[in-house]
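This document starts with one chain, in the form predicted alone, laid out as structure tokens.
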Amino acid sequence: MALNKQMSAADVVAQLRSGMTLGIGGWGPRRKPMALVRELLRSDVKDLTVVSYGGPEVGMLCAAGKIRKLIYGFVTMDAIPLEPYFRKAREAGAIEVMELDEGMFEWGLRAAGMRMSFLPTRCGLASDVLRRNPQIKTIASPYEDGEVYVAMPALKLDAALIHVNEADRLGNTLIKSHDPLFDHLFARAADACYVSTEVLHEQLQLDADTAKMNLFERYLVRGVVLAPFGAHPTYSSPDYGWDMDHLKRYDASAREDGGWQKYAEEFVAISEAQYLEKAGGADRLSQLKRPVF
């Protein structure tokens, strides 16, 4: 594998194929790899199984007809509780779904990263998750306790897309946010992990403090894309907050005739540089207020 892993977003999407299982890191409106998602929206790749703690990336991929099956714990933009285009697709039965308890979802990623076929968990017991997903089995402990667990199957990914605060050309990454979430699990669950980054270094020099932000090993990373403001309109703490004006506009488009087509023409069918200019440019985006939870 080449030591210099820098790629363009187009290079990354060229590695993806229709029918793949694609994991997308982040959480709702937090640190989603939107620059990579927009490039995916510009491509012919389709029939994807998407695995995500979903946010607007899921809605956009649904609206564009890219998703065949969605495996998720939720799909939300937080301040806008239900992602509008996901809701349309879900209500219309346009996508196959596996809706999971959030803990089951995490355990599925962990199982894949550990190269296990499943992991036992209490999450999901006595709930409709098992009724809705009869392919998920239970398993009895082989020890004296005999306790019955959910045998959460591994969520194996062909590829994962993740956004980070800093990276280098070797594939080392830093997630400087106070909520690093589960991105390291997506990286380990995937055959190939591609990251977009706010800042790209030739080679990171880590000390004891910054090493704590390097959450997954560089050998897992197949490609690194320099994408300043690449999480917009979601937020990438501590670099910038979410663009609630943009998210509200996107949300409103779902209630308009031809709303997705209009949104896509304005914000997707253009270059990433043009997108950032339409979004207000670096000066505006760098001042976006970070939400407090």
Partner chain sequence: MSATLAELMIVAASECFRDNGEVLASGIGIVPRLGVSLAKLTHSPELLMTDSETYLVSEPVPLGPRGDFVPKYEGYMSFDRVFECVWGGRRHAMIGPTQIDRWGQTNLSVVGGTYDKPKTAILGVRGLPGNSINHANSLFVPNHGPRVFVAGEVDMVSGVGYKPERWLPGMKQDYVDLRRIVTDLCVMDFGGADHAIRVLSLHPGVSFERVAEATGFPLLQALGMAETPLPTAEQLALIAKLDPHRLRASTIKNDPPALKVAA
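Residue numbers count along the first chain shown, from 1. What you see is a predicted model; the values in this text were computed from it and never measured.
One more form of this protein exists, namely the form predicted together with the partner chain; it is left out here, but the text below deals with it.
task: Check, residue by residue, if 4, 44 and 59 all come within 4.5 Å of the partner chain in the predicted bound form, counting heavy atoms only.
output: The answer is no; none of 4, 44 and 59 reaches the partner chain.
Listed residue that, although the partner chain is not shown, lies within 4.5 Å of it in the predicted bound form (heavy atoms), from 198, 183, 106, 168: Among 198, 183, 106, 168, a heavy atom within 4.5 Å of the partner chain in the predicted bound form occurs only for 106.
- request: Just give me the single entry in 221, 189, 100, 204 that has a non-hydrogen atom within 4.5 angstroms of the partner chain in the predicted bound form.
  value: The residue from 221, 189, 100, 204 that makes the contact is 100.
- request: Report whether the minimum heavy atom distance between residue 113 and the partner chain in the predicted bound form is within 4.5 Å.
  value: No - in the predicted bound form, heavy atoms of residue 113 and the partner chain never come within 4.5 Å of each other.
- prompt: Should residue 211 be classed as touching the partner chain in the predicted bound form when contacts are defined as heavy atoms within 4.5 Å?
  reply: Heavy-atom contact with the partner chain at 4.5 Å: absent for residue 211.
query: Taking heavy atoms only, is residue 38 within 4.5 angstroms of the partner chain in the predicted bound form?
result: No, residue 38 is distant from the partner.
Residue 144: touches the partner chain in the predicted bound form, heavy atom cutoff 4.5 angstroms: Answer no; every heavy atom of residue 144 is more than 4.5 Å from the partner chain in the predicted bound form.
task: Scan 225-247 and write down, in order along the chain, each residue with a heavy atom lying within 4.5 Å of the partner chain in the predicted bound form.
output: The stretch 225-247, when checked against the partner chain in the predicted bound form, contributes only 235 at the 4.5 Å heavy-atom cut-off.
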